[in-house]
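In the form predicted alone, a lone chain appears below as structure tokens.
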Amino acid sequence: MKHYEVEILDAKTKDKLCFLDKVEPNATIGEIKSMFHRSHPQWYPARQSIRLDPKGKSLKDEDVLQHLPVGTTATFYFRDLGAQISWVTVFLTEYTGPLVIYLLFYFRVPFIYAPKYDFTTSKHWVVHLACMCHSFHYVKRLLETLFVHRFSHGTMPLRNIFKNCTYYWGFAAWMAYYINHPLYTPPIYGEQQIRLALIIFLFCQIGNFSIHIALRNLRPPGSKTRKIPYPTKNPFTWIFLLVSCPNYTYELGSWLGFTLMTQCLPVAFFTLVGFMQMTVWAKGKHRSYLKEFRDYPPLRSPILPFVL
């Protein structure tokens, strides 16, 4: 059985960083990363990007050496992805923040509003309902992170946690400040508007959870297998007939419901910004599905049926 010689060059400078002799043909990129790590301990596998071309895409950890377009002397290019942090840690941090921050405003702890309002309670029942809905949403996200989600990538760049936390924590504080403000006024159409908004919110929260469960069941534990998601017996998943990323569709619906419930401008702005970001993610996933699966259902749109 022939063996390979593998040289790894710096993608920027083209300097030789490592030479591996007698590498098995069935060695994966993940295994090559581990070999490279032994000679360069500062670059653990998660922060390595190994490529065939200095400006090309990163190879997948599961790619096999003998199946790549290389000769028996293979040349790869290395890029440092920077310090990495686990997705679970990032999600737990960015979701715990809004939960705690919102409650600080809800209980009106000192130094937020005028001293006479310290630890007072709003007279409007919609304020208490909004707090329950907001808390429910982020507790749900935390529990899903711990017990439902299976991540195809174990880590992300450390810098992302600061960007993500600024987004989630900042918006939570902005929304909470106005919703829990002593001068807050309830929605213009009163109880009917609030009840309708609550129904929309709860419906979409259940739908979002149902989609997360369906996506989880597509991927066995420890696997990076990708399959086409299809509707299940759960009616909330039937939206898969029309949308590639219904988890984002339901997430948008939840925040539209919360916007209607609170009739608060910062909530509407958060919903708009979130919709724009989720649309970018949904379009990316939709393109990925179309590229990877030739039999992908043509009727589906990325996030909004027949529209977007």
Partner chain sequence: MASSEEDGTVEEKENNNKKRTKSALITAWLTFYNIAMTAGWLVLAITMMRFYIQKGTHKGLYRSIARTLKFFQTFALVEVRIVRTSVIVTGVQVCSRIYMVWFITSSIRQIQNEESVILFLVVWTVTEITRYSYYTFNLLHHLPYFIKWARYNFFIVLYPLGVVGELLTIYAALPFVRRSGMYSMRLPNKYNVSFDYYYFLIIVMLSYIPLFPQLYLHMLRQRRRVLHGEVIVEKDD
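Not measured: the values here are computed from a predicted model. Residue numbers count along the first chain shown, from 1.
Not on display, but discussed next: the form predicted in complex with the partner chain.
Comment: the partner chain is not present in this chain, but in the predicted complex one of 181, 128, 79, 216 has a heavy atom within 4.5 Å of it, namely 181. Comment: the partner chain is not present in this chain, but in the predicted complex one of 265, 68, 272, 241 has a heavy atom within 4.5 Å of it, namely 265. Of the heavy atoms in residue 72, none are within 4.5 Å of the partner chain in the predicted complex. Residue 185 belongs to the set of residues with a heavy atom inside 4.5 Å of the partner chain in the predicted complex. Only one segment in the set 257-265, 25-33, 244-252, 41-49 has any non-hydrogen atom within 4.5 angstroms of the partner chain in the predicted complex, and it is 257-265.
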